[in-house]
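Below you will find one chain, with nothing else, as structure tokens; this is the form predicted on its own, and questions on how it binds or moves follow later.
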């Protein structure tokens, strides 16, 4: 009899699991599955500091650049406004340096970290270790496969398409193009480059598209010769442009996707006497790039909002440290959109940027 009953029970379980996704018991008594928001709320509750404590939070960049100096100002202002203790860390030696910084912060018992991952694909294990011990969010460049709570920044694929539009405006009749970027291991760089390529070639949106960045591609009247990386080595970044000009006499446009790339492209072009002869499309708001837009040596640039990357990252972490899980966006993404800067709006943008840095107030990109 026991065997018969056991078989019946097993049959009931199997049938009902297939049909209803439940057991033989009352489905109403089954505990609901945890949602991502539930898990986020639990993590926030676990890591929340004492209500009377002053949260200690950190802003970690992916390198050293003028872009990050602006972000630092925003992060520090958030500390003033919230009362949190904010520290900013800029790795000078790449992935290993960033990993060491994260480990040091954990050893200090930091309450929360906002990081721009250098190599998100290969950093998932490290980032997950950080997320188990403190509140972790990403900014500027995401690591969607990790256990981070949310991402603050822009959609880099869309921003890349904005740069691609500038290229097409600069070369309405087509031509040869070269792309320069610090490193393609970063999620933001990879997506930014692909967005630019897709826009230049007039393709439909496809964020999953993966292509060899070093293989020349021609679609219609446009040819993308190569995408060269420099690993944040300024000398190499300039040499990359010089080498590309030397090897390709018909080069018509260079696209620099990290802050310093258009700046060093201008130096290389100036040295070769090709300012104005080869178009320059930039990314970010380096003073030299903005000056180039004013004097006509740069077609335009796509700017982010590094001040708010710093400010809003630290303000969000402060709220999470105080147990406010509802501060997390339901989408898992805090969108800080990019803006295209051309001769038509460069002066207004510079004035706004100067005012923001001088006043230390939160701003949104306009």
Partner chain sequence: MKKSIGIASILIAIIVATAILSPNFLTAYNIENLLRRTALFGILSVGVGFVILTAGIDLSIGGVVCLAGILTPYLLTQMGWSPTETVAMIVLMSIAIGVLQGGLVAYGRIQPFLVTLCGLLMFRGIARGITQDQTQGFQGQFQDLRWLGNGRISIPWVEHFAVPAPVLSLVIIAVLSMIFLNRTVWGRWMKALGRNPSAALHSGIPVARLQVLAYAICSLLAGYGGLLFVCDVGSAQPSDFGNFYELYAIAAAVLGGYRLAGGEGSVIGVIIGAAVMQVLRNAITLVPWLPDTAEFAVIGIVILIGVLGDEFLRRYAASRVRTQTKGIS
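Numbering follows the first chain given and starts at 1. Everything numeric here is computed off the predicted structure, so don't read it as measured data.
Not on display, but discussed next: the form predicted in complex with the partner chain.
For the partner chain in the predicted complex, the listed stretch (186-194, 109-117, 200-208, 220-228) containing residues with heavy atoms inside 4.5 Å is 220-228. In the predicted complex, the partner chain sits beyond 4.5 Å of every heavy atom of residue 143.
Within 4.5 Å of any heavy atom of the partner chain in the predicted complex lies no heavy atom of residue 296. Taking the partner from elsewhere, residue 83 is found to have every heavy atom lying beyond 4.5 Å of the partner chain in the predicted complex. Not displayed here, the partner chain is kept clear of residue 135 by more than 4.5 Å at the level of heavy atoms in the predicted complex.
The partner is absent here, but in the predicted complex a heavy atom of 238, alone among 161, 279, 238, 148, sits within 4.5 Å of the partner chain. Here is the short version: of 152, 105, 264, 253, the single residue with a heavy atom within 4.5 Å of the partner chain in the predicted complex is 264. Not one of 41, 95 and 329 places a heavy atom within 4.5 Å of the partner chain in the predicted complex.
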